[in-house]
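For reference, the chain that follows is the form predicted on its own, supplied as structure tokens.
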Amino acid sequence: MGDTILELKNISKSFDGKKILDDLCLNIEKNEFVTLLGPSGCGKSTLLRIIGGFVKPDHGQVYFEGGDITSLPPERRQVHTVFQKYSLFPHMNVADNVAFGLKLKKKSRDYIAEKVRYAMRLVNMEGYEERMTTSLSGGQQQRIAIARAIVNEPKMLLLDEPLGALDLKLRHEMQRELMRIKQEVGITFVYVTHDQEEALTMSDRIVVMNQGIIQQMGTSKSIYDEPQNAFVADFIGDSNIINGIMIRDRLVMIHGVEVECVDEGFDPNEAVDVVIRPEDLVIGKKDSGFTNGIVTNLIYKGAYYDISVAAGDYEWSVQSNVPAAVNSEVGLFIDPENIQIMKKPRSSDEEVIDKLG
């Protein structure tokens, strides 16, 4: 991907006695699109504000291009933050909003005019220079906020849930625009969201966080296909997460039934979490799979049918291109390669794993 532009070393932060970030380590490469993903309160926005200089960590260091910037104020960092509330100046027109940072730096009029033209063209807002920001839609205001950031030529752009206030169609459009802008400008993006679809769509690398700890880092495909723990599996996409017993290598017991899998390295009879994605389950005739069940619900979702199948005391979630009649008895089949086996967390706070860095 390139050289490291940002290094976070052993970052910890508490507010009112509650630990928000816990000894967190993270490296970000130049020109990378990294998404910090997790539920509300997991520490992702606090981490972004530490990178931007708005919050100082209790412990740890922030390095930018090899230099320690932990104590530098935001205006002295080569990063720019775009918040969900775009903070545009309502008494200024669009061009003056975009040019604001350059005017503070006392750049020449010609320089400012050229940069504003470039930024407006980049965000597809040419012709709006004289409009007041209060007359713009939410998506247009978001574009202006990005243009205002880009004219200052930051080496890193920080975006804190910038699409959260937009409707679904506009949010998808802006996702595509952000990816295009990132490619055209060639700067590093660090993006905060709790929307897993957004993260999967846009990111070179996803950092999944919970309780101030990094649960897993990787590409969209690796995070989705190979979750390292039940939290990640549940948070990224839909999952069936079942208690299991690892009988031996490549054989797991699910609800009293022995099922072949491809996982190895567990202790004999070790209690595990078994993760099966709904789209990996296949509905067939009774006794055709590893278990039988009764179809309890069927919802048409457009691209697939969302089917619930009750088997014993568990209700399986299935996504299928073929419907199944409610109240019919069916069999469930799963390819061994589509079963994910993971160790149980050692404590409820841990939810995982060793801290990554």
Partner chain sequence: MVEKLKSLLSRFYILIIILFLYSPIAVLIILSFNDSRSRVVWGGFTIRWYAALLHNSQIRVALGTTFLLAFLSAFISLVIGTAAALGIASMKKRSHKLMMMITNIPMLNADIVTGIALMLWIIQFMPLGFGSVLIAHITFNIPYVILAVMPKVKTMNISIYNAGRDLGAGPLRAFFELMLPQLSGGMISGFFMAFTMSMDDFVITYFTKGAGVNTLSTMIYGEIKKGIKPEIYALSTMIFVLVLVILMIMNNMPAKEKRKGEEERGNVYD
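Numbering follows the first chain given and starts at 1. All figures in this text were calculated on a predicted structure; none of them were measured in a lab.
There is also a form predicted in complex with its partner chain; it is not shown, and the following applies to it.
- For the candidate set 217, 149, 272, 259, a heavy atom within 4.5 Å of its partner chain in the predicted bound form is found for exactly one residue, namely 149.
- In summary, among the residues 201, 124, 87, 93, the only one with a non-hydrogen atom within 4.5 Å of its partner chain in the predicted bound form is 87.
- Proximity to its partner chain in the predicted bound form, taken as heavy atoms within 4.5 Å, picks out 75-83 from the listed stretches 277-285, 75-83, 242-250, 113-121.
- When contacts are defined as a non-hydrogen atom within 4.5 Å, all of 49, 54 and 137 contact its partner chain in the predicted bound form.
- Although the partner is absent from this view, residue 100 contacts its partner chain in the predicted bound form, with a non-hydrogen atom inside 4.5 angstroms.
- Among residues of the shown chain, residue 168 is not one whose heavy atoms approach its partner chain to within 4.5 Å in the predicted bound form.
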